[in-house]
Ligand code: DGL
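There is one chain below, alone, in structure tokens, taken in the form predicted alone.
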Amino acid sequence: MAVIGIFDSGSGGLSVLKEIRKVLPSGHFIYYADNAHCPYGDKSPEYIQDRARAITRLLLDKGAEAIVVACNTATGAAIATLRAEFDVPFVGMEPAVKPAALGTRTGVIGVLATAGTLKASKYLKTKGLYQDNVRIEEHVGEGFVQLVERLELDGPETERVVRASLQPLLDAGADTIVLGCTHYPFLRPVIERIAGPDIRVIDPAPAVAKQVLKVLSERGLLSPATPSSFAGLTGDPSKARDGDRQGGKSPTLELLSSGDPTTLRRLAAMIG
């Protein structure tokens, strides 16, 4: 099985890893959380491109044969650059506007995303394909990434922060909410509770997982199952090490962090 590198501005991309592991349960993954530079949403495209290049080099040095940019903002700002500069397949994120547009009953869909994602040409192109037929309401999930990175996944303050960004979309008549940031699925229970049972919430991660499987198959990178175990974590990318070996077996998940690894470790344990 190919070694798959995955990176995000922080720990949110673990929501994508969770879905990829469903279709590739024996895959070997290296996950990099750039939480020393999180969030990306307020950073310039050039800054994000520089970080994406550095992380890609690190993942390639550690043996990655395919890379998932598990961050909507980084996908919009950097994936074209990465594909032009590195000879390895990349799979990126995209807010699920298409399924939302095709499934809406009210003709109004809501997109929750970072400011960077909402300004990215990749998102604007997709939006342009459907906005003549449906009304697309947008709102930045203000404070959502910070909530997840602080592991504040529920409670009165979390509900207050989520409601402040979600309610305008509901008030506009949206019957479908697109989660346009990989951190946001960790807040999905709160989002669904506030939105109510009649509102559909779409996470694009399952579609991304299918695309990863397709890309690996096309590149001939799929192979028989490998042993399963869980690797260690390092908090300093300059000292990134091979994952711990357990029982003599090669690890199938290695976690790397550019900052405090606490959230990464805890969320990784939550997704199993």
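Residue numbers run from 1 along the displayed sequence. In this text the structure is predicted, and so the values were computed from the model without any measurement.
Separately, the form predicted together with the named molecule exists; it is not shown, and the next lines address it.
Only one of Leu58, Val208, Cys38, Leu216 lies close to the named molecule in the model of the complex, with a heavy atom inside 4.5 Å, and it is Cys38.
At the 4.5 Å threshold, heavy atoms of Thr114 reach the named molecule in the model of the complex.
In the model of the complex, the named molecule sits within 4.5 Å of a heavy atom belonging to Val145. Using a 4.5 angstroms threshold between heavy atoms, Cys71 counts as touching the named molecule in the model of the complex.
Not displayed here, the named molecule is kept clear of Leu166 by more than 4.5 Å at the level of heavy atoms in the model of the complex. Residue heavy atoms within 4.5 Å of the named molecule in the model of the complex occur in exactly one stretch of 130 to 138, 194 to 202, 98 to 106, 179 to 187, and that stretch is 179 to 187.
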